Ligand code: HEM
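Quick heads-up: it's one chain on its own, the form predicted alone, in structure tokens.
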């Protein structure tokens, strides 16, 4: 019999710099690819740190969000959305295939390219408002947060004026420390999705939720679940990426200028429009 691997680390790792790998994780990477760790809630789990190995695992059909015995699975946190296994182990592959088939037509490259002018218009408007406010500018609150919400609300057909409420529920659902708070947030989000579906059934529009409701075989609960998943993933991830992208570019003015030049070449705006998003070095 093999010798059991000792616990190498406790999650989560202390993150001293958002743009750099956590020092403890970098140390583990230098020592090997696979490590036995303990999650934030005390469960033992495996941590795989090698890029190639992680890629192979993500491509392996034997792995997924579900678990054959979820009550015995290691949990990463208290979030009802992210902490536990999700879905039915016996049907996960089929369920995922169905979800992709339902959503893919609404997010095809052709359909998303048609949104490009509208996204540019919204971005320009927010940048103009940021410029009018004068320095110092808060890119996060003025652009990174409202832009993804505006876009996903228009795409899905969600009232923009509801943004503060569903963002609060989103934050609660993702709470990794308070299980009751996470469950309440998730329940509120699903209830909100059901209300949206009811409205779209009564008064359909030119949006993704309306088209899901009109799809044969899609129940109200399925439409609500898909809608909330899109609402959640469609804005939170982009908010983070806009902020990280700006942080990565700020110390490298040559890369910022290269991006401005490439954007101006692809979309010939007036020069003043390109300069308005350039920082003062």
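Numbering follows the first chain given and starts at 1. Predicted, not measured: the structure shown is a model, and the values here were computed from it.
Beyond what is shown, the protein has a form predicted in complex with the ligand; the following relates to that form.
K.L.:
Find out whether any non-hydrogen atom of residue 49 is located within 4.5 angstroms of the ligand in the predicted complex, and reply yes or no.
P.N.:
No, no contact at 4.5 Å.
K.L.:
Whether residue 124 contacts the ligand in the predicted complex should be assessed with a 4.5 Å heavy atom distance threshold; does it?
P.N.:
Flag for residue 124 set to no.
K.L.:
Is residue 100 one of the residues lying within 4.5 Å of the ligand in the predicted complex, judged by heavy atom distances?
P.N.:
Although the ligand is absent here, residue 100 would touch it in the predicted complex, with heavy atoms inside 4.5 Å.
K.L.:
Mark residue 233 yes when one of its heavy atoms lies within 4.5 Å of a heavy atom of the ligand in the predicted complex, and no otherwise.
P.N.:
Although the ligand is absent here, residue 233 would touch it in the predicted complex, with heavy atoms inside 4.5 Å.
K.L.:
Hey, with the ligand in the predicted complex, do 65, 96 and 152 all fall inside the 4.5 Å heavy atom range?
P.N.:
Heavy-atom distance to the ligand in the predicted complex: all three under 4.5 Å.
K.L.:
Only one of these stretches, 234-242, 216-224, 252-260, 28-36, has heavy atoms within 4.5 Å of the ligand in the predicted complex; which one is it?
P.N.:
Of the stretches listed, the one contacting the partner is 234-242.
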